[in-house]
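There is one chain below, alone, in structure tokens, taken in the form predicted on its own.
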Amino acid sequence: MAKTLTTCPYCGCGCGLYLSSNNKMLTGVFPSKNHPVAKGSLCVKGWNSYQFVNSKERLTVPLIKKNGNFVEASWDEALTLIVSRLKDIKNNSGSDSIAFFSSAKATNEENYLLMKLARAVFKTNNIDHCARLCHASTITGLVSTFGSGAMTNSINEFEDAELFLITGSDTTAQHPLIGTRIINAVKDKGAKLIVVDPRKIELVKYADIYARQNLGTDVAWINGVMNVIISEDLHDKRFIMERTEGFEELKEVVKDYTPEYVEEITSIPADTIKQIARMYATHKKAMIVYAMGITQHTTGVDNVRSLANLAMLTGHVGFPSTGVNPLRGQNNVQGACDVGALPDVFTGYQKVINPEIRKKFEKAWGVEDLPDKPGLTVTEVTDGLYNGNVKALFIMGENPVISDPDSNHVRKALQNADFLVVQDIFLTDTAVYADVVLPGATFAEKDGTFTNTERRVERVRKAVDPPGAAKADWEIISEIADRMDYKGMKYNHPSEIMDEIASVTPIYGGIDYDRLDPWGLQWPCPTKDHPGTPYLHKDKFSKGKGSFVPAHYQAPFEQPDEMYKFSLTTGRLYWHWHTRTMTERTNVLEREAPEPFVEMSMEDAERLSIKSGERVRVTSRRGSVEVKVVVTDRMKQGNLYMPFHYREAAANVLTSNAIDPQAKIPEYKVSTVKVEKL
């Protein structure tokens, strides 16, 4: 029985695990005892991460749609059709009529190559991926305040923290091994825990303070906390003077956010705001932890900046066990951003609008005239397909029919595409709309790297061969480039792609496969002798001085009214992951959470005469779903919660595609709906 060390394909923790195989198929999983994150443990998804790889539903041959039905095709036939159609569309409608969706589930090397294919070969910056839907606000918000849009500290530093401020993160469900560290620090070492969340999550059981804000009021409560810290003289004056700029502007904005005023907006009692402020400000090793409950708003960037302001105000950044720590949702969403699968940056967050940067990449790639304006984001591509400005879309490992907001709009947009290619491991809800479907390889069937939420670049190692004629994504992309007469994407192994990434990416400059054995390196790692960086902004911020960027509270895009009286928020479950493409094909996970549901407060259930287990119709301005009700004290009156995993009652049929004007991230966390008992 062979054992292969690799990295878990689920959340951003990046746990190290061993795959057991008999050389033909996977037979099991066990954790790495010495891996710095796993430390001999895995969550239930990690323990069962091999099952979907063996699924009989895997794509094994290319498919071409003929007369409305898929037929099996050879690789030559499929790739010839793809190249011919994309060439025609490019020649007839221009480079920007084509778009590419990369994937946080693919490796760094594959995301880099799809970005390179879009820019060097097709001459478009229309390349994006699902980070647009989860942490685009983080990148924009933290770059403007700190100079780097990533988690500031490391997972193991949670073990020594004195205080955690958790907001917008159901940590035990979404990042279980981080959640465990928080619980252990509280129970075993006496760390303080503040939870601010509209839903009563598991961590509330361990909290010293729990504040339940109204949906979409995060800027208000954070400003209120800063108001108290300043008025009670709890801010770190020396840190502010030496390491930041813009404090007077912040002071001017937050002066009006008295605890009493904030209570009117958020429903958090004024005394609780004061308690949060005093507790956070007076603990030296204080870590802010957040996830998509902060980012997925029309004010997502303001939310992130406000948390950064709070950390700088108290000097809680640039030291161990402090900082602002966004927990990235997918196994490689950090890496996909790092290597440039975004419409406005090359790899390493180097701006496409910078002529010197473009010259650098033109020389490295052996091309001319790289496009100089930022491309379209995920939601803008969807709108472009719908209105006809975007003609063709190439999707690698994404399932926007389930994951993107306003699913009915997404379906119509995909149906309107002149040409759609989907490269995936299963025939997803999105793939059924494709003209060509290409069979890709899973994490267990290829070599590469993922970058986890703490910026740790880790090896992914091949344990078994892909089924049938399926190929690794990097091989498919390279062959398309070759057929497009571009000879700059010929590689024998993914290690050669990483060497190229390092040569053009300062933050990855010291990384190669040899140095990643056994447990990876944390960027920035600029040189071959650099040890990696456990925490950011030591002594100075990435941008020099940290910038306070204050914001005023703005209400969510949709507000309850007489017809749509409830506010719906969405999220994930411990047992499932994203669009359930992999977890629904895993027996244990599907057994524990087999069907969709909507959570409703006990007060609302009593008013509507609804009991747990009964079915209701939930309707927004965009569509309706029918779903089972779970009556619970986890929700406050007037709010509902739905997991978005299930195609059977897809929450994103209901959600709004209103976006943050800066990060272009949709407001998944607040959509108004009505409820009818069936």
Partner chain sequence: MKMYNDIRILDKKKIKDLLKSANSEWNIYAPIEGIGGDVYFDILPKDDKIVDEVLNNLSIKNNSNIALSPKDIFFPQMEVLFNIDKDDFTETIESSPKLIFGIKSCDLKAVLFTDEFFKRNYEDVYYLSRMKNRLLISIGCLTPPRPGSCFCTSTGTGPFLEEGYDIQLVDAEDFFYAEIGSEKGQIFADKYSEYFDKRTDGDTAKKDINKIKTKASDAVNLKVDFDRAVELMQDDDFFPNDNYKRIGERCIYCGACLYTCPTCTCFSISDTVSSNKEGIRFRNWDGCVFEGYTREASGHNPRYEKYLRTARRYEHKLKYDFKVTGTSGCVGCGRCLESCPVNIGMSKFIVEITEGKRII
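These numbers were taken from a predicted model, which means no experiment stands behind them. Residue numbers count along the first chain shown, from 1.
One more form of this protein should be noted, the form predicted in complex with the partner chain, which is absent from this view; the next part is about it.
- In the predicted complex, none of the heavy atoms of Gly638 sits within 4.5 Å of a heavy atom of the partner chain.
- Using a 4.5 angstroms limit between non-hydrogen atoms, Lys33 touches the partner chain in the predicted complex.
- In the predicted complex, Arg607 stays away from the partner chain, with no heavy atom inside 4.5 Å.
- Among residues of the shown chain, Glu648 is not one whose heavy atoms approach the partner chain to within 4.5 Å in the predicted complex.
- Contact with the partner chain in the predicted complex, judged as any non-hydrogen atom within 4.5 angstroms, is confined among 173 to 181, 117 to 125, 407 to 415, 248 to 256 to 173 to 181.
- Contact check at 4.5 Å (heavy atoms) against the partner chain in the predicted complex: all three of Met25, Cys43 and Tyr50 pass.
- Proximity to the partner chain in the predicted complex, taken as a non-hydrogen atom within 4.5 angstroms, holds for one residue of Gln559, Ser503, Asn587, Ser84, which is Asn587.
- Only one of Asp482, Glu202, Asp512, Asp208 lies close to the partner chain in the predicted complex, with a heavy atom inside 4.5 Å, and it is Glu202.
- Interface residues of 297 to 324, taken as those with a heavy atom within 4.5 Å of the partner chain in the predicted complex (partner not displayed), are absent.
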